[in-house]
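Below you will find one chain, with nothing else, as structure tokens; this is the form predicted alone, and questions on how it binds or moves follow later.
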């Protein structure tokens, strides 16, 4: 059996701002509200993932760890509009979201593309936040386990050495049908996926790796349900979308885990 007691790991709360806010002024205000509202804790890691154009300014003024919402898989070249892992690393960015369902849906990002991005991130010492999850149709067909297992196997295909930074790798379970819908899985469903992820990673690598990788939940998280999503499921933290754009609400969520 895997250990669902993750008290030895810092809880990780990630804000995915997606394509928001609209201006530097709004961004500054949001960061100020979050900084003022959050109580500092040694057992808590807060990561902000804003649009790429805001990264440098937030880096200079916030003190938060930052993540970029996407990277391209090549280090450099004629790839208009893309940002490489090397560029992100040189900006002192530590994390990158990879494989978010919105990119899979709207930009036709495939499992093969996700794998290439995972390889690039790890090669360049960026910590990936790998997003996985089933659609509503897949949930209704009761194939969630197969979907999750397949996404993980394809994401980590050909990646033989991830031990340099196991503790900084995150896998975020975001059921597609729960994102922005106010619908959420049950505690038992989230717990089952947590254990499935650990089992799959253990089969791909070993049990030590499975225990050290941080597993997060995301999808319609707010200050009313956030604590239970972690405390009752063994998850190591949260990937938060809409609620992270309300500075006071995001701070309330973070402070639940101080």
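Numbering follows the first chain given and starts at 1. Since the structure is predicted, the reported quantities are computational estimates derived from the model, not experimental observations.
One more form of this protein exists, namely the form predicted together with a small molecule; it is left out here, but the text below deals with it.
*Asks:* Could you confirm whether residue 18 comes within 4.5 Å of the small molecule in the model of the complex, counting heavy atoms only?
*Replies:* Residue-level check for residue 18: yes, a contact with the small molecule.
*Asks:* Verify the contact flag for residue 247: yes if a non-hydrogen atom of it lies within 4.5 Å of a non-hydrogen atom of the small molecule in the model of the complex, no if not.
*Replies:* So residue 247 does not count as contacting the small molecule.
*Asks:* Would residue 158 count as a contact of the small molecule in the model of the complex, using a 4.5 angstroms cut-off between non-hydrogen atoms?
*Replies:* Answer no; every heavy atom of residue 158 is more than 4.5 Å from the small molecule in the model of the complex.
*Asks:* With heavy atoms only and a cut-off of 4.5 Å, decide whether residue 109 touches the small molecule in the model of the complex.
*Replies:* Residue 109: no, not in contact with the small molecule in the model of the complex.
*Asks:* Which residue, 169, 93, 152, 178, is the contact with the small molecule in the model of the complex, using a 4.5 Å heavy atom cutoff?
*Replies:* Answer to the contact question: 178.
*Asks:* Among 99-107, 119-127, 71-79, 143-151, which stretch sits within 4.5 Å of the small molecule in the model of the complex, heavy atoms only?
*Replies:* It is the stretch 99-107.
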